[in-house]
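Next come structure tokens for two forms of one protein chain, structure 1 first, structure 2 second.
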Structure 1
């Protein structure tokens, strides 16, 4: 599992301030979402595709693997729109299904957007460490530390939940719990696992919060940082590269 998520080399994208990277990518994504221009959408898609496949530092084999779910959602979102979307220039129809020029174009547009979202997220995910992202958000973007640490603590507790799921199923075995077959069994199983695990998680979260406050964590107080994050030259490079390529995507689509 861990092996899958180790790059074969760390590219310059790894050194970009994670919070800056996050904000820039988020802004791009907003533009993708609200854009309705077909060519612009395509150009952006190419841009993000290049970003993933050339600068994420992962081998093509792994990248193709990561892309599979993205491609599936491309196909499914595009296909639904093509088959059921509205339009007047009809190419083909069969019962309720009809494919028109408009719906086909809309389907492709929708698909491009879905692919772009997938690629942007993938690049970000592959080249950033979550803890550092939160540290950078606190230091460069003034995210209140209470949110950042709540996230960090919750994420830390995730493996505990998984382990707990394991222990829970062990304990159910040992206590001799048997589930009936069929729907009733499924429901019972769901209840036996979810309710205690939720109850546990809530209590644990509360205890962790108490322990954190006992260690003098205060909402809104000033603090120093173990991992200092700053802006460096590579951040300027990143912004310039992004802005230039984005602008060319825009210009090329208008002409």
Structure 2
């Protein structure tokens, strides 16, 4: 599973401050959300597609695999609006299905927005390390440490929970435990899996709390960081490239 999310090479986007990258991409997502210009939406889609397929550092095979859910969302959202939207110029009608020029254009607009959301999210997830993101949010944007370290602990413990789930499944198979079909089997699986995992999670949370207390962790105290993050020259390059690309997409949509 980890190999799937390992890039073939680290591009310049990996060196951008993750907190700055998060703010810029979040602003672009808001623009995508409120935009109603068809040509501007198409230009934005091309821009974010270039970011994903040219600067994410992953192979085309992995990128196509990651793009499958995004394409499915595009088809479902666009088709729904095309088939059941309202419009004056009717192209084809059959029962509840009514395709008009207006619904078709708005369906494509909605689909482009869906693809843009997916590409922005994908390029951010593939080129950002979650741990560094929360360290950067604490250092550059003064995110309270009690929230940041809570997310960091959750991310760190997720592989452990997955491993325990697999261990529990193997143990039940070795003991010859079989679950009946239907709702009874579902409830038995929930009882056999959730109770031990929940108990282990409580013990693990207690050990983490004791360890943080032993290291004299205080919420409001000024502290040093294991991963120091700062603004560098590549961050300025990133902002300039994104602003120029966005302005070009806007200008081309007006013409």
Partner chain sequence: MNNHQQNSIMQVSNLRLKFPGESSLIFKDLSFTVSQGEKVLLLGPSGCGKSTLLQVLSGIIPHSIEVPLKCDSIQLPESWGFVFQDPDTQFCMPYVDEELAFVLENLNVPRDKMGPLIGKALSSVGLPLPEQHILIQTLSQGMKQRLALASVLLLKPDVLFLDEPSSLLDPEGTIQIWDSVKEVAAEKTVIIVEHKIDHIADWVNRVVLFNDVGEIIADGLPEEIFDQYKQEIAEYGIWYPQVWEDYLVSTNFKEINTLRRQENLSRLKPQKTIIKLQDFRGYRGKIEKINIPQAEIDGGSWITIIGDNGAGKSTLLLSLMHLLRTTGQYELNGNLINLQNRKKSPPNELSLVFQNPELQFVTNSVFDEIAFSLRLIGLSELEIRTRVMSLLELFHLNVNEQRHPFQLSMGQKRRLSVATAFAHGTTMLLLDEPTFGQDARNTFAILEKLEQLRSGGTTIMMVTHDRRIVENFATEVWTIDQGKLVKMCASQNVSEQKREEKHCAGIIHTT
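Note that the rigid core is defined as the largest set of C-alphas that superpose within 1.5 Å between two forms. All of these numbers come straight from a predicted model, not from anything done at the bench. Positions refer to the first chain, counted from 1.
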Assignment: the form predicted on its own: 2
Indicate whether residue 227 shows a C-alpha shift of 2 Å or more between structures 1 and 2, with the rigid core used for the fit. no
Honestly, after the rigid core fit, is residue 194 moving at least 2 Å at Cα between structures 1 and 2? yes
Answer yes if the Cα of residue 80 shifts by 2 angstroms or more between structures 1 and 2 on a rigid-core superposition, and no otherwise. no
How much does the C-alpha of residue 164 move between structures 1 and 2, in Å, given a rigid core overlay? 4.4
Residue 174: CA movement between structures 1 and 2 [superposed on rigid core, Å]: 8.7
